[in-house]
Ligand SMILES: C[S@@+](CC[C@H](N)C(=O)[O-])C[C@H]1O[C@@H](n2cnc3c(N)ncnc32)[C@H](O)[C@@H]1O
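Shown next as structure tokens: one chain only, the form predicted on its own.
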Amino acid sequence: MCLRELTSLDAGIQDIQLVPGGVRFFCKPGETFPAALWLRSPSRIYMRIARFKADRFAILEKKIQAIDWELFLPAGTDPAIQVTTHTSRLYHSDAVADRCRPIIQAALKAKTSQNPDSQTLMVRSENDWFDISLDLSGPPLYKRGIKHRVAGAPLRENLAFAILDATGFTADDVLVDPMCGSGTFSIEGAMVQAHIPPGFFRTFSFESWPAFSAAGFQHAKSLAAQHFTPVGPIFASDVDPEAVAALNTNLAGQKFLASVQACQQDFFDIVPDRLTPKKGVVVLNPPYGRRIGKNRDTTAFYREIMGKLAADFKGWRVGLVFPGKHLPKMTQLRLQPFHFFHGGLDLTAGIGIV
């Protein structure tokens, strides 16, 4: 999904490759910033600034010292250093960080502090090969800068986008989000429909980098803003009044979210034909585990949900989140599994047409 997004970007991005754990691409530093602005699926983007082999601390220190740090980070920066090692002679992560830190501080004329700068340096070692990368994201990319109030166990925005994308959701679709919580599906759907970059309302670590052009980035955002077109409709509802209140707080003051209509209503009371004559996409992230409570059976609850979908949402495309790695045999619908990992849990989204 991320590879498809990168391929569709009108930027100087080249040699896009799927690699274990992510996607790799090559471009000039300034051309990475539009990717952070527009990509909806990734959690982070790292810029690799060096790769070398080191099996002794003396070699590691020499290689770190050879990096032109002032080209990448502003003077005075004291970055946080995160180290991971795998089958390398220099296996102690704290020792690796302790050898790197004073060299970088000296190069950037940074004062030693107990609270590292917001910049993060990633040092990864595998089989004695070191990758040195900067996190250009800052807060994870799924934080769009819009939701200021959340309900319990919210779905990450990039995962909500992935599920919407898997259903084939487009700007022309009606969206029903009947277990909306604080509105992750609804807000993400509204941003897709209105052609709003996911990074439009947030800030990034790279905005303080020497290579960053504030004027160029603002120009890119201004061009994007010219095409904001709320489409809708998006029908969001929840049986929990606190969840609806959280969504309304997040909707307040955002003109592009005017297409989202929020109300308190039980999913089982919804009659979609009364909402819209047009069939579209219905997405559900039901409560499960602790959220469902001790007095309700998860299996029976999901049977009720699928019975409701089968009875009242015929012809609709559906994305339904299930706990666990596999779609249960109880499903009354022909859904294809979409596996993902979230909040320490293995989950599956069932994708299909009712």
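Everything numeric here is computed off the predicted structure, so don't read it as measured data. All residue numbers are counted from 1 along the displayed sequence.
Missing here is the form predicted in complex with the ligand; even so, the following discussion is about that form.
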In the predicted complex, does residue 236 have a heavy atom within 4.5 Å of the ligand? no
Any chance residue 79 has a heavy atom within 4.5 Å of the ligand in the predicted complex? no
Would residue 266 count as a contact of the ligand in the predicted complex, using a 4.5 angstroms cut-off between non-hydrogen atoms? yes
Within a 4.5 Å heavy atom cut-off, is residue 139 in contact with the ligand in the predicted complex? no
Pick from 286, 29, 328, 323: which residue has any heavy atom within 4.5 angstroms of the ligand in the predicted complex? 286
The one residue among 119, 167, 182, 158 placing a heavy atom within 4.5 Å of the ligand in the predicted complex is 182
Pick from 94-102, 194-202, 258-266, 70-78: which stretch has non-hydrogen atoms within 4.5 Å of the ligand in the predicted complex? 258-266
Honest question, do 147, 178 and 301 all end up within 4.5 Å of the ligand in the predicted complex by heavy atom distance? yes
Is any part of 127-155 within 4.5 angstroms of the ligand in the predicted complex by a non-hydrogen atom, and which residues would that be? 147, 152, 153, 154, 155
